[in-house]
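What follows is a single chain, given as structure tokens, in the form predicted on its own.
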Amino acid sequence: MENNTSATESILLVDDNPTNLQVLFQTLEGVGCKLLIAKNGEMALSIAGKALPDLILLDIMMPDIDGYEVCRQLKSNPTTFDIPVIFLSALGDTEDKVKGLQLGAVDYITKPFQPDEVIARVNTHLTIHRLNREVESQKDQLEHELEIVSEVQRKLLPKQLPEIEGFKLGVHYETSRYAGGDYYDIIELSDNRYGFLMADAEGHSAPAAVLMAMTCALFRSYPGSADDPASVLHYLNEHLCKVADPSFMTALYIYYDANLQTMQIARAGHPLPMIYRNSDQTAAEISCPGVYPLGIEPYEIEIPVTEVKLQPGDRFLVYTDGLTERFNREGRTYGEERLLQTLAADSTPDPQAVIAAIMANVVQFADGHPADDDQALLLGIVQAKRHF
């Protein structure tokens, strides 16, 4: 019979009958594994905890500690929980087999057993156990790689928010797992003017992180004047169409003139920005027409640009849809209306405090349900002019 086992693997044979142990030992000598012997339940638990065998063949009817109790203790111990157990017993009733499987055993062989059957079942469960270990190892390696990607990705974000005269900024960035597709950036132009970009790649895995990184590189290498929002989005879309297929990226670009306290906004499939007007103390979405997301196909239409005039005390919010589409345990989403209410609820002039209040409200709404998507927010509050 073909031997698929590894010489580094081990099998623990547990039986209080020396004759049965001898038969098992002789049966399994040819499988290529190290064979360990235990004559009772207490010895089996001790050897299993120290040697961590790859498989245990366990007799049920033993004095003091029977096989059921041995299996129960093995499965309650995190160190030995994953070791597969095959019961060996003269008990052939379905009830006895079900009891063993409910305790965590993977198989059941009835005595007197046939050597070929024992070898076949042992090889099968050793292979399954080996494959499970390989999957866990690959999973750990993948998680480690994603952690590295996440660290690199965060380094692409602005190291600190700029100090803008009369306009204070706050930000929140959170990936749903490791690497994500959300992206925000701020570039400083001449004469107290700035460009803000908020973008969201389709999905929230490693491919989304790659698309986010490419968008970052394109944005920071934009050759023209970034005071034209439509041109910026045209440029990003032209180049992402060459590499993004079949993915895409929603985006919102804002040109802000701090001298005039005006914003010019261009939108590509991204959620509408929100504004809280201090004059009438109301929050609403800004109606700004847009085009479809970046990376789908070249734009053959003019990208509309919306201009907004800000006043002291106004709050301007851009975000990604992972926030409003955050689910709770009942399957409901947080939604735009809740976000608007929370944006209007806090009267503090500190944007980071407002963002903290928004995120606290989101977490409370989710009620322990984990985030399914990345979440990014960029909030600006117009400061009252100082009089000297």
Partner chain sequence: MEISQKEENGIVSIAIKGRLDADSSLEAEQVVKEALGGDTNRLLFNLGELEYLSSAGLRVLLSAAKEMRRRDGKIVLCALNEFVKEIFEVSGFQSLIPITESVESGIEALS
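Positions refer to the first chain, counted from 1. Model, not experiment: these values are computed from the prediction.
One more form of this protein should be noted, the form predicted together with its partner chain, which is absent from this view; the next part is about it.
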For the chain seen here without its partner, which of 322-330, 352-360, 58-66, 42-50 has a heavy atom within 4.5 Å of its partner chain in the predicted bound form?
322-330
Distance check, V291 to its partner chain in the predicted bound form, heavy atom within 4.5 Å
yes
Do V210 and its partner chain share at least one heavy atom pair within 4.5 Å in the predicted bound form?
no
Counting only non-hydrogen atoms and a 4.5 angstroms cut-off, does E202 reach its partner chain in the predicted bound form?
yes
Taking its partner chain as it sits in the predicted bound form, is I186 in contact with it (heavy atom to heavy atom, 4.5 Å or less)?
no
Contact residue in the predicted bound form, from D116, D280, E165, E297 (heavy atom within 4.5 Å of its partner chain):
E297
Name the residue from Y255, Y108, F248, Y173 that puts a heavy atom within 4.5 Å of its partner chain in the predicted bound form.
F248
Which residues from 43-76 come close to its partner chain in the predicted bound form, meaning a heavy atom within 4.5 Å?
none
